[in-house]
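Take a look at this single chain in structure tokens; it is the form predicted alone.
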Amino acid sequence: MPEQGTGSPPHRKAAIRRCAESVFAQKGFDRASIRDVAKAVEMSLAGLYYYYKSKEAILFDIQRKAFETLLDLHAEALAGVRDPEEKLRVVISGHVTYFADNLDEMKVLSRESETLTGEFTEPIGELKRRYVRLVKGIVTELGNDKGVRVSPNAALILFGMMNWMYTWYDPARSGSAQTIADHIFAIFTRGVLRQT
């Protein structure tokens, strides 16, 4: 994986990453500068470069952390779950709850999904593919369980429902993350299971 700075305390990198998430979410990756991130985290540029060699390295770390965390959360939550409908409910709930708790991170993840280049592309691409395979597998399993042929695009449509909530979600007006997850689950399963 790309070099991220060696010997650095994990808590300091986490603080930089959180500040960068906020900066990138507000300004967009292209318009934000490494100087903006250094200012937000109250570090010198030299200090920031000790931890991250470039703005793109920070974006890589934001995306890596998000996908690895989601995959780990789902692995733990799905352990022992056999019913495909319950598996899907667990994944939707976990994804939406994580989104709601990390709106800046998820805004960056959604907006900058195709931004990384060069050495950063393949590691993130593999994490994305693992995540999509997980969800596609569960959607296919659910269709098989119900005797319904599910569109190959169904999982991608589900991601669209979940990922773009950052454009409208407000806990004060929209209700809890679990309520949103329940709505997405109901809308998606009723649509998928009625396909012919």
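Note that residue numbering begins at 1 and tracks the sequence as displayed. Everything numeric here is computed off the predicted structure, so don't read it as measured data.
The same protein has a further form, the form predicted together with a further copy of the same chain, not shown here; the description that follows concerns it.
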Non-hydrogen atom contact Asp30 with a further copy of the same chain in the predicted bound form at 4.5 angstroms:
yes
Test of understanding: in the predicted bound form, would Ile180 fall inside 4.5 Å of a further copy of the same chain by heavy atoms?
yes
Applying a 4.5 Å heavy atom distance criterion, does Thr69 contact a further copy of the same chain in the predicted bound form?
no
Taking 4.5 angstroms as the cut-off for heavy atoms, does Tyr166 touch a further copy of the same chain in the predicted bound form?
yes
With the partner absent here, would Ala14, Met43 and Asp101 each sit within 4.5 Å of a further copy of the same chain in the predicted bound form, counting heavy atoms only?
no
Within 150-166, the residues that have a heavy atom no more than 4.5 Å from a further copy of the same chain in the predicted bound form
Ser151, Asn153, Ala154, Leu156, Ile157, Phe159, Gly160, Met161, Asn163, Trp164, Tyr166
